[in-house]
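Encoded as structure tokens, the following chain is the form predicted on its own, with no partner shown.
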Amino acid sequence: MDDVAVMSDSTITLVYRGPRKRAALWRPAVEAKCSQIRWQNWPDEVSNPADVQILVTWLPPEDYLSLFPNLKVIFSVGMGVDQFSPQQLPEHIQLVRMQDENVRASMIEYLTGAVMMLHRDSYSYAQLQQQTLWQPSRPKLAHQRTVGVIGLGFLGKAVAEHFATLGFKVNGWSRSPKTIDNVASYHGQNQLRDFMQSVDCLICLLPLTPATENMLNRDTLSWLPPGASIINVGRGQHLVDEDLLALLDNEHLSHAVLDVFREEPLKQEHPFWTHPKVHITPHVAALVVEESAAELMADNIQAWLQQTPVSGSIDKTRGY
């Protein structure tokens, strides 16, 4: 970014690709804070692609690296950046994800509901209701269950801390060591099996990288104790669908709550739709809150222009 002019009289061209309702809110927030920004909506307002230095989007245009030869930074409008293939981006292009506190709060709300439904056997009772069966079971207390969070980044750390405050035992796994109050931390491939074997309810909040793709497969899911459950709010590509279904069918796993899928929308013929132990939501666990995200985006673009630290900057070699 050393060659980026940040003088007040310079002009920096930004291209936004996404819903126009969002642009109507974000554009004035960015222009009010960053007077040198020339905002252009893709594709009809883009006058000269060679002028573009900033790209704000969830999904980039096709062949965007060739289309925008002077691109310097990409701001993802969400938490994920796997769609940009970070490890394949040129060294000079910075990649930034959205780290909005409201997104984190939304994720905690979603997971609290899902974990409590599993913890109090509500999904099982819903199945019994369909059969008009009255079969009460004695519930466990929170301290008798272990919630496991795999992926302890911006979202995962907060989720782990939250469930500890609710009285659950909480274990976490990450690539590198982490220290979190009231959370037993595991790290690295050598400790993955021990982590999985300790968990009653597994929450996946991993970033999607070549190392984490297909990480939740028959082998690793079989390490979970019999009767364990899984909640996937990371990416659909973390989970091998047929392996999960096999472990649900042989009753090694009790339930799966899935918010993300390999292909979205989920095809109508996919067996997840009709499986009695699979519970689906349409990628809604943590949605961007437009108002707060507008201010965060404006602050981040301003920081980038001023060559100061940017919130959510990605280490492209790791992919997160």
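Just so we're clear, the structure is a prediction, and the values are computed from it rather than from any experiment. Residue positions are given as counts along the sequence shown, with the first one as 1.
In what follows, reference is made to the form predicted in complex with a small molecule, a form of this protein that is not presented.
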query	finding
Ala126: touches the small molecule in the predicted complex, heavy atom cutoff 4.5 angstroms	no
Any non-hydrogen atom of Leu155 within 4.5 angstroms of the small molecule in the predicted complex	yes
Heavy atom of Trp173 within 4.5 Å of the small molecule in the predicted complex	yes
is_contact(Arg145, the small molecule) in the predicted complex, heavy atom dist at most 4.5 Å	no
Proximity to the small molecule in the predicted complex (heavy atom, within 4.5 Å), stretch among 85 to 93, 217 to 225, 127 to 135, 173 to 181	173 to 181
Position in contact with the small molecule when the complex is considered in the predicted complex, options Leu208, Leu111, Leu239, Val73, heavy atoms within 4.5 Å	Leu208
